[in-house]
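Heads up, the chain below is alone and in the form predicted alone; it's given as structure tokens.
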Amino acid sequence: MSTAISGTLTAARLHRRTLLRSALVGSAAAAVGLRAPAVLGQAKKFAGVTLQGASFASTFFGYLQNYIPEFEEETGMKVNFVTNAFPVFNQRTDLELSTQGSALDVINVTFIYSGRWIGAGWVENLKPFVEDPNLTPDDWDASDFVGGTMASLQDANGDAHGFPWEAGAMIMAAARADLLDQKGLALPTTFDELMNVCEMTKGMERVAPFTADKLHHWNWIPYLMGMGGTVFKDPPANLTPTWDTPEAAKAADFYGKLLSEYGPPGVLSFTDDQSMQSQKTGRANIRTQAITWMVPLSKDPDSRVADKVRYGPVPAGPAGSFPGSNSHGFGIPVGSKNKEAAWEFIKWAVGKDITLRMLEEHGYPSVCRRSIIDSELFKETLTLNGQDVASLYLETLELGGKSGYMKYRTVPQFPQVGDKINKAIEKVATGQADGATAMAQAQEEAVADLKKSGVQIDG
């Protein structure tokens, strides 16, 4: 590409971004009034404050770190934001919140823990912060967040205890779709087709046909539901586990085979990032996971499969397609001693400007603000290898919201039973037990735990 053409395209993109930012951020300027410029040398409100934040690791926080120095310069506060592996963060934060400790000021309110943390009163109600004009300008626009992304972050009265940074819509990506083309195979749309594609491409160019991470209580559920199974009998009213069924056994055997026969070496210990790297380096092909981990395959400069990746919906089983759909958001622990500073950080981190920059500069796909999702820029950015991934993203979010099949995941008791699912799938994938045996044992252990916590279980 010539320098002149490149410069023209860059200018055009910057112009579109400027216009969109003006529409999103500047439309309410007249309503809130123009602010006088800060007095030169005036002390910054949060000077001397060190904000302690924590979450599980995600591409979002890798991108956000690029902008934190700007926030620190603007506010005067110092931000110490730490990320850990998903289970490590959740375990540590659950303990910290349960004691109402003051070690953390802003946290990720994890989807599967939201019912427990919000229901127990461990995370601040943010309604007073939103409604205080001295803390939140009208143009921040709390109503701009897509309704489905807010559902798990609200209490029984509908008050927000967090605001989302990720809408985790699960899709499928084939990092080496060219291998399917060589065999004359289409992207799989059903479980049977998925297994056939894995078998037909096994051994080609030393690429593992399938990959995943070790969070089986997220990754496996679409296969369980696709086979006609459920997690609980009727959540949240009836939390009796329903895993000692033919459907659950079949789903466990099916998914266990994908991991054991078609996964790369070490797949059972893979984290989210390791699984993504197996695709980006071309060592593994198909994965079903949240879109956040899929877009980097075609967007990241270090991806070796950028021109080969192809996207599609999660394949359907005999009972249909049930892609995972969740949301994670920023919240403030009740024990925080820097609540106002924490709110300042949350406003900034999920504000329209940073959300727009994440999309424009990094292609971050898991946008939660309707005004940006509806923009041409969003559709343009998520047109990947000629595919309309933006529409795929919205379809997945809407599918999860219409039937409510994800409600099992926000009941307070899910984390304690989710671990039983993880262990059961590991047993199947390592050949220690078949699906029926592993799931029946997991059912027995889950029932015992739930009874101890006072949950009524069907006889």
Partner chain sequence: MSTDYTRTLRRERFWLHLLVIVLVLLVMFPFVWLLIMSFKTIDDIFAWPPKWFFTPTLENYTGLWQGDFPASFANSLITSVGSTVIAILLGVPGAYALSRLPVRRSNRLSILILASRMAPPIAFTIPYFLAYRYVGLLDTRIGLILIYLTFNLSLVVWLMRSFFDATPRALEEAAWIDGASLMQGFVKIILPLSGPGLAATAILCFLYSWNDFFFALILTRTEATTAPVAIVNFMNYEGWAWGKIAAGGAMVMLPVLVFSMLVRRFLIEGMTAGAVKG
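Under this definition, the rigid core comprises the largest set of C-alpha atoms superposing within 1.5 Å between the forms. Because the structure is a prediction, the values reported are computed rather than measured. Positions refer to the first chain, counted from 1.
Just so you know, the form predicted together with its partner chain exists too; it's not on screen, but the next bit is about it.
- Scanning Ser260, Gln91, Asn238, Asn196 against its partner chain in the predicted complex with a 4.5 Å heavy atom cut-off leaves one residue, Gln91.
- Contact annotation: of the candidates Asn385, Gln182, Gln274, Thr189, the single residue with a non-hydrogen atom within 4.5 angstroms of its partner chain in the predicted complex is Gln274.
- Residues placing heavy atoms within 4.5 Å of its partner chain in the predicted complex fall in a single listed stretch, namely 80 to 88, out of 123 to 131, 244 to 252, 80 to 88, 225 to 233.
- Although the partner is absent here, Glu360 lies well away from its partner chain in the predicted complex, with no heavy atom inside 4.5 Å.
- With a 4.5 Å cutoff on heavy atoms, Ala142 does not count as touching its partner chain in the predicted complex; it lies far away.
- Using a 4.5 Å cutoff between non-hydrogen atoms, Trp293 counts as a contact of its partner chain in the predicted complex.
- Contact between Glu96 and its partner chain in the predicted complex is found at the 4.5 Å heavy atom cutoff.
- Residues Ala57, Ser58, Thr59 are the members of 57 to 72 with a non-hydrogen atom no more than 4.5 angstroms from its partner chain in the predicted complex.
- Core-superposed comparison between the shown form and the other one: the Cα of Thr50 travels 2 Å or more.
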